[in-house]
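So this first bit is one chain, no partners, the form predicted on its own, shown in structure tokens.
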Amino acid sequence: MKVLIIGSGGREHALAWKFSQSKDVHEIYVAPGNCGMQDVCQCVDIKATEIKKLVDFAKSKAIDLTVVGLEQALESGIVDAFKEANLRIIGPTKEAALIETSKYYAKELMKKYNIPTASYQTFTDYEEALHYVKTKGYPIVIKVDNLAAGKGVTIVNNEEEAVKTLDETLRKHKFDCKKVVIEEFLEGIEFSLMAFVKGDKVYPLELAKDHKRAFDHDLGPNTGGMGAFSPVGQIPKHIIDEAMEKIMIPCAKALVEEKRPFEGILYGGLILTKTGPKVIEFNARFGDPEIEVLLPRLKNDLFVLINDLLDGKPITLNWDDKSTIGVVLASKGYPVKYEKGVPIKNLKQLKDVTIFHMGTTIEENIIKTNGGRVLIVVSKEESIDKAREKVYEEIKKIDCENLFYRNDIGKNNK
């Protein structure tokens, strides 16, 4: 069987790595991929949003299953195009993917179907938005309505920060922003609950927790994720059950009711507040970097699992009891300005960990940085503490003058 994965980062590398362990899968392609994943797949020089080229490629190679990693491909309608061409693909249609691609749509859906989330208002006018923020007080959260690679959320703590954020978004249109959602700041423990979904059938994955802020102690700007771990000891089972009952299943049923049924991975970015779990955001695909720590714990054959889901068969997910931690190494200056093309040495010296490449390239047999987030190093051990000790011990062996990482991934997970 042949698998095509859409995307280029650590998530797609982890998916290719997992599919390579399937006895049924003999060829794996990733479009466009990156140089670091070529040990488990063939990279294809087609952008994730070049839908017609991807359809043609899938036909020419007789691809048996396509998995969409990148949200921009979903927004571009890749699932619709593949289904129209009778190609097997897992992911939501463009209409169903609005749950991620429009923060406004997601909030309106949650409001209509009583799914717990922060109170909010939506604005396109700078002056009206600033007036609203001033009346509500701080801290308050300002979100870009459209996709922004995980960087479109700002927690503002004073008027100066509010003015700066609203000027960048509604006046200067950073991230191509034309609309913002402004919502109350929720306090609590954040966690990621993903589930395989087909219509109103919802099958949860194990929990993971990522670290969004760039620096230790949750300081600095939001990023696409600086690390993750699983399981999440801070979240008891009854809270997971409540989140499934009040959030994940109702969301899947709501999309069916709205005549845009969801098929694929529904990602709930949730927070445990004093009044129970609430939604921070929904995504319409595997979380990154969460999936890099979940796939090493998943015992199932991913190819069989996904095909059973698409065929409407009930699925059962089986998990390793061990704990995983993944630490992201990012280019200095990320998520703002950063340099590319810096050599990375000694990767082969790391032992008993798995390295997924997020943003690398290779020139004259030398691996170099080629993005904001560059690598994620994942360890799996008997406990979170042992996994953390192991991953940081191995990361020290990497020689690259332009990389930084957080030192507190997975701490205080009790």
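From a predicted model like this one, the values you see are computed outputs, not experimental measurements. When you see a residue number, it is the position in the sequence shown, counting from 1.
Quick note: we don't show the form predicted together with adenosine monophosphate (AMP), though the next part is all about it.
- In the predicted complex, none of the heavy atoms of residue 87 sits within 4.5 Å of a heavy atom of adenosine monophosphate (AMP).
- Shown alone here, residue 258 lies farther than 4.5 Å from adenosine monophosphate (AMP) in the predicted complex, counting heavy atoms only.
- Contact annotation: residue 190 falls within 4.5 Å of adenosine monophosphate (AMP) in the predicted complex, judged by heavy atom distances.
- Within this chain, residue 155 lines the site of adenosine monophosphate (AMP) in the predicted complex, having a heavy atom no more than 4.5 Å away.
- Stretch-level contact check against adenosine monophosphate (AMP) in the predicted complex with heavy atoms at 4.5 Å: of 320 to 328, 338 to 346, 125 to 133, 176 to 184, the positive one is 176 to 184.
- No residue of the trio 95, 198 and 252 has any heavy atom within 4.5 Å of adenosine monophosphate (AMP) in the predicted complex.
- Interface residue among 80, 281, 263, 161 relative to adenosine monophosphate (AMP) in the predicted complex, by the heavy atom within 4.5 Å criterion: 281.
- None of 235, 115, 118, 202 but one reaches within 4.5 angstroms of adenosine monophosphate (AMP) in the predicted complex through a heavy atom, and that residue is 118.
- Shown here without adenosine monophosphate (AMP), the chain has 212, 222 in 203 to 227 lying with a heavy atom within 4.5 Å of that partner in the predicted complex.
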